[in-house]
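One chain comes next, on its own, written out as structure tokens in the form predicted on its own.
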């Protein structure tokens, strides 16, 4: 699978088979994550691999409460649609993975972070995307669960307070890879056309001709 095929067929997976993720496959996708670009080569990430059913259950309980609160933001048909969405594969996934960021890590000597310290988190997101694409190339599904209280999740997982919990991921052998993203297929949100998001030379300028700026 080439990189473009992985990008276009990557999905946020919520339905998993019971098959285990082979250890060598897990190591390859973690290594792909670790080879992401990072500002100043700081490599601010850590990866916490979770297989314990008891720990997964505690995180799932945390998800259920956050999901209940989130559902209250929607009304009518949108609420009904929200309630129909499967937004977590925590219990079904063979592996749960917490990805953290240490914004104060001394690796890289602070290069590039003076004016934009938030690039530590951005760099960690690059590692997550690397992992996701590598997983897709391996035939492994990944789902990002953001509907959890991060501070409580950190307490459950023993993550130091000084670190940022950037992502809680579900990783496993998928039942299938949908042709379209789940939220697009369900009618929650269509993909925004690229031409609506690209400007040239100055904000709001859609023409590719610099003379007209």
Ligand SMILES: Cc1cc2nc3c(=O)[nH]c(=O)nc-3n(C[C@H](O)[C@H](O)[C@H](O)COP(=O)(O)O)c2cc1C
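Residue numbers count along the first chain shown, from 1. Keep in mind it's a predicted model, so treat the numbers as computed, not measured.
There is also a form predicted together with the ligand; it is not shown, and the following applies to it.
At least one heavy atom of residue 181 is located within 4.5 Å of the ligand in the predicted bound form. Though the partner is left out of this view, residue 144 does reach within 4.5 Å of the ligand in the predicted bound form, counting heavy atoms only. Remark: residue 87 counts among the residues lining the ligand in the predicted bound form, judged by a heavy atom distance of 4.5 Å or less. Not displayed here, the ligand is kept clear of residue 15 by more than 4.5 Å at the level of heavy atoms in the predicted bound form. Considering the ligand in the predicted bound form, the lone stretch of 145 to 153, 24 to 32, 41 to 49, 54 to 62 in range is 145 to 153 [heavy atom distance within 4.5 Å].
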